[in-house]
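One chain follows as structure tokens, the form predicted on its own.
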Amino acid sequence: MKLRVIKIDFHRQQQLLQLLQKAQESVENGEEVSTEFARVLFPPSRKEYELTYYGKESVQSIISKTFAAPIQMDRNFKGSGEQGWINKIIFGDNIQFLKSLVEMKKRGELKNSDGTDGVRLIYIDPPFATKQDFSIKDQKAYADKLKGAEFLEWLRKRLVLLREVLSDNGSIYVHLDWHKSHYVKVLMDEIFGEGNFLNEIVWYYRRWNIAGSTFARNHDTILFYEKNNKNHVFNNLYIPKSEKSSGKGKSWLSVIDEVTGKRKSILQDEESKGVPMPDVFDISMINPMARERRDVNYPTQKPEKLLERIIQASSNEGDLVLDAFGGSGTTAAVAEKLGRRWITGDVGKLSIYTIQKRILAIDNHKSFAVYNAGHYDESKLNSFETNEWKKFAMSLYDVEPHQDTIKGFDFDGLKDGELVKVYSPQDFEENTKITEDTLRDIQMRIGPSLGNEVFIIAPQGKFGLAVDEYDNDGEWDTTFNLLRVPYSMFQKFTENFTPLKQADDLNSVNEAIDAVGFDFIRPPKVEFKVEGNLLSILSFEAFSRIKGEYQSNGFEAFSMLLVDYSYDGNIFVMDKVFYQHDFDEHNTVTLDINKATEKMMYIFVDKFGNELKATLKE
């Protein structure tokens, strides 16, 4: 590759020489070189303004390094769907399942009903926009989670992948409040292009205001961008008519004057649709006594009317709608009612069961399924046929599928440029395993063409070697890396793993977290009893893997208990959630026995996202 040499003028040359001299003096004195030197030594290639902060990765790095956690179906409702499409609820960290959606789009598996690839509409309401994040004046709630630059980069990585998932004529709405909207606006300009910014929508909501030292805060901000300039789907919406008769063929429309704030009447034709919708949405918050609130009762729940307006404006029937921060499931529920395809997901089990319940309550809902991403059921792996198993296994280890035959030996993919061989369960005859002789045969047949490393992926019990690396005691130039499914204990593939984290009280429901890597489901061990209206947990043991090692945890690893008071023996429909902090010092809570039927179902969830299901007759 030929490097481009850029000539500098005399003044720039003198500036750099002086700076280098100061930097050398600092090092000789045992001091760190000032970070300010970098601004002069290495000016940014971009000349326009951008948001700069520590730890900001390049877009290319985010796309290439993010692990694509494959999605595995856990439970299905109403079968295979229309035209092969099943609406999706995904449990897992969205940074990982978004990368998988990007790969699905490339394979032609994300389609709108008109056949176009990608998601037509994205709406997200990231965690920092919720009330509990800033519920106290000293900002401790936010400081305890993600701070400043760290939070912005956490969100930016997801925005980069969301752009990749969008269809060419798609659009995205990002729901924010006053704390970070100005920073995120700059990030959105960088990722989507300032020219693709369409609206700053103000969601104005009425509520009881208490006098204080500031004006009452009665609005959120929603940033609206398209992917490609002037190419997005948009259906004009209009302010509903409020007519007064004024002669034949004429009517008066009552509107709010944007300058004076006062109501006025304008003359319009009877056949007119009204006044085009402004960028101020006057939509009330959900009344605490409303059925919409009582049926869902999720702490960050948004009104359906808000999502109706967004989905109607920026998508058509059969279009694919995505909400990567599923929460209470408002986006999915409204998309279902409006005849859209949809994908939603969340890192919280409470959210997953809330969304499931909400969709099941919709009459004549279409097929949907709940999937796991990064957290898998090992027992279901053996049901895959050979090619599907290999595809899943390669996805777990971020292998690029690439079939190649070298000297008569077939390879299945590439990892970091090195060859990968995958053995499925069907490749083994009874009592056969991968041994030193297997590796020796590959090394002798192919020799130097193998490269420095080769990756061998196979089921856990099909290796006859206890090691994770093998190079014949250093005699070979090639090192064989042995990767097991389920997870290899190989440290270099697990050192960055962080487990899922579930809420243990109301205020931690929507914490912003990173849970990278993957794990296999290990249900907790639970002993409990129900006496009258009291449920007591007698013992609780959960299992997690951190940096490749499994650890056992007691009641401190208990997250929540979900209860279905009228379990029908088939589908769990959540009626009540008890967080860990709801249990008393005896690990006991009070059930609402008045709601109970003959059979109840309990789901005990640990802080790592594992669950144990149990039923007891009353």
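Numbering starts at 1 and runs along the sequence shown. Model, not experiment: these values are computed from the prediction.
Not on display, but discussed next: the form predicted together with a small molecule.
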4.5 Å heavy atom contact, Thr300 and the small molecule in the predicted complex: yes
Using heavy atoms and a 4.5 Å limit, would one call Trp154 a contact residue for the small molecule in the predicted complex? yes
Does at least one non-hydrogen atom of Tyr423 fall within 4.5 angstroms of the small molecule in the predicted complex? no
Are any of the heavy atoms in Pro127 no more than 4.5 Å from a heavy atom of the small molecule in the predicted complex? yes
Let me test this: is every residue among Pro70, Gly374 and Asp519 within 4.5 Å of the small molecule in the predicted complex, going by heavy atom positions? no
Looking at heavy atoms inside 4.5 Å, which stretch does the small molecule contact in the predicted complex, given the options 344 to 352, 389 to 397, 207 to 215, 104 to 112? 344 to 352
